[in-house]
Ligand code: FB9
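One chain follows as structure tokens, the form predicted alone.
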């Protein structure tokens, strides 16, 4: 506390009282007698105690006070008692009972729960005699006399205890009770009635004037704990993502813009030569948007070429021989893979050819999947794409070995697979030394001519690509066995703060 606070009326009142008396037994009583705000007295005591001017002991007392919910009950009575009194001894039809609807609902519920009132022959009737039931008697007596909820509360505490107060549902007990905090105070080792705060540091003026000889400096508390500064902490996914990003940049890749989570079905499926009857385009697998449900912003000449290759084929393909529907392609969705971004980038590259090109992306994708230990409805996909003259499957294998070697995965195997937009296609497996088995780490392939030629890319240009998830290698590196502990609302923030820095390259 500063000079201004220590010279305040509250501070001087405390010092003066202790000069005349041995102690302040209760700061609450002291503040009330002196006409001072108790909070200001507490602040003064804390400051004096830190400087050993006074010795203070905590006092904690539980007090029961009316809440905002209880105040109208103190004036008009509790809803259940008012409902009970509104029911005459001879009974009454529910429709004939005149009460405020909100009050009726609360009072009826509590009165029925307490078995004060029941229904007989379609009439509301009293089930208890207030003269025979002490609890009901006290409640009704005080409601009738309008002494208020505070009186009812005290009677219930004395007669039945706090648990009964909870049972009658006047108010939630937790909102009724609050803890009052104060101090008992005695003189401390450094007490003085005319206490003044001494300087902390010696100044040039103190030395020149010689005043330093008579000054009493404040002592430093060398054992005081410094304030803990909360800093930001990177999520494990962000740490591993940055390491993947550096690997791509080292290999000469250019990062693709991935800031559009919402895509049209055209760029997400049709441009990739994925048929409109494909199961992945069903609502059970894909999140479709309701608003806006469709888009009209599609390149018309390109749309026409995609339509033709789907219906009739071309470039050595027979196509799918079905009627391609424009309204299906215009549906908006949450992108199911970042390959939708790749299709946009390759189309733009075809308009302004410049080869070779190496692209990569790391961002979030969404799929309508059942959530379990290894699957989420949203996750991150890592994708690499190379576009150049005359690339072959051998080039893809060479690049994959280079890429995964930088991740510490030197033992690779490739298995033939099927993808609608790549041919040939390969699943990528790596031998996991910890699991002692081969595990799938990604998928890869060469983009089909049916996808590339409608974009306008030359016939001698081929594109190789591969993709993998970000979560799986992160789980392996950090020892997570449940993806929900890594990503989502169940993440333990403490673990994020305490996680060590894991490096890729661990075998």
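Positions refer to the first chain, counted from 1. Since the model is a prediction, treat every value here as computed from it, not as a measurement.
Unshown form predicted in complex with this ligand; subsequent notes refer to it.
Not one of 343, 362 and 459 comes within 4.5 Å of this ligand in the predicted bound form, counting any heavy atom. The partner is not drawn, yet in the predicted bound form one stretch among 50-58, 22-30, 461-469, 36-44 has residues with heavy atoms inside 4.5 Å of this ligand: 461-469.
Interface residue remark: residue 422 is counted as part of the site for this ligand in the predicted bound form, having a heavy atom within 4.5 Å.
Taking non-hydrogen atoms only, residue 125 never approaches this ligand to within 4.5 angstroms in the predicted bound form. Heavy atoms of residue 442 reach within 4.5 Å of this ligand in the predicted bound form, making it an interface residue. Proximity of residue 379 to this ligand in the predicted bound form: non-hydrogen atoms within 4.5 Å are present. Of the residues 81, 309, 409, 386, just one reaches this ligand in the predicted bound form with a heavy atom at 4.5 Å or closer; this is 409.
Interface residue among 254, 369, 395, 282, judged by heavy atoms within 4.5 Å of this ligand in the predicted bound form: 369.
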